[in-house]
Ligand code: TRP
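Shown next as structure tokens: one chain only, the form predicted on its own.
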């Protein structure tokens, strides 16, 4: 029996941080054995919020893919660049005829992004972001899409578009299922969503010293002013990092914090050490790919060819269903 197919992608942002790992990458790695996986660099999507991002895409793509490979993405899976597969743009155009602007404007993720960006003028491409995403997913007839909670509404739009196309023309596309990540969102050092735009992130390729400096700036329980003050770990960002990356000590840390026996400085030092230890194998593997960039480029070229072949087959199905193209 053939494995179900998964498509996963990220915008090219360069080196990845703990939020990328916990919210997506770790899940991708775990699902590799169970599913037929495709991984893509969503470079066109990067332009929906920053058109000038095009000038940085190539270098950021390489750095991000190095992190993928170092973390455990199998290079035998197709790893490809969205803009290299021009059929994505054609399918996006076709799908844009099957959904109303009112439906896109109701997208809660879009509303959150517009608020966070303080954008008074919504770009057409940003409004249609979920339609392009639908083209990405359905181009490879993916059965499952692993996402965080914030992206789940986009997958629902993909399902609606697949259904509309199948009803209007012919049965071509599956309606993909949402697979939510286990650790959906890791807060940044200041408690907001971790991201480079917020400057509250920790790169998982950072050195032990760099990690330590970052963790020292993390916001903790504001009521725990002195070491012996009883703390409230459930409102502390550092405690959340311990939960994710140091689960073996979590009960001990909770008791120490709540009793006042464990001070924030010691807790942060412990967290820094555990983060550095957790990601040490990834940092070591990253060094290999940094010295062998040509191998990374070859992996992308091979992935582009594999994706291109499937995209051509899908668009042939689309053209036959529509009796045009």
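Numbering follows the first chain given and starts at 1. Please read all numbers here as calculations on a predicted model, not as lab measurements.
One more form of this protein exists, namely the form predicted in complex with ligand TRP; it is left out here, but the text below deals with it.
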Note to self: I need to confirm a contact call. Of 299, 262, 271, 42, which residue comes within 4.5 Å of ligand TRP in the predicted complex, counting heavy atoms only?
What the structure shows: 42
Margin query: Can you pick out, from 205, 77, 200, 151, the residue that has a heavy atom within 4.5 Å of ligand TRP in the predicted complex?
Written below: 151
Next item on the list: Consider residue 220 of the chain shown here, and say whether it contacts ligand TRP in the predicted complex, taking contact as heavy atoms within 4.5 Å.
Entry: no
Checklist line | 4.5 Å heavy atom contact, residue 19 and ligand TRP in the predicted complex | finding: no
Next item on the list: Report yes if any heavy atom of residue 311 sits within 4.5 Å of a heavy atom of ligand TRP in the predicted complex; otherwise report no.
Entry: no
Margin query: in the predicted complex, does residue 25 come within 4.5 Å of ligand TRP, counting heavy atoms only?
Written below: no
Checklist line | Options 95 to 103, 206 to 214, 125 to 133, 225 to 233; stretch whose heavy atom lies within 4.5 Å of ligand TRP in the predicted complex | finding: 125 to 133
Checklist line | Any residue of 6 to 29 that, in the predicted complex, places a heavy atom within 4.5 Å of ligand TRP | finding: 7, 8, 9, 10, 11
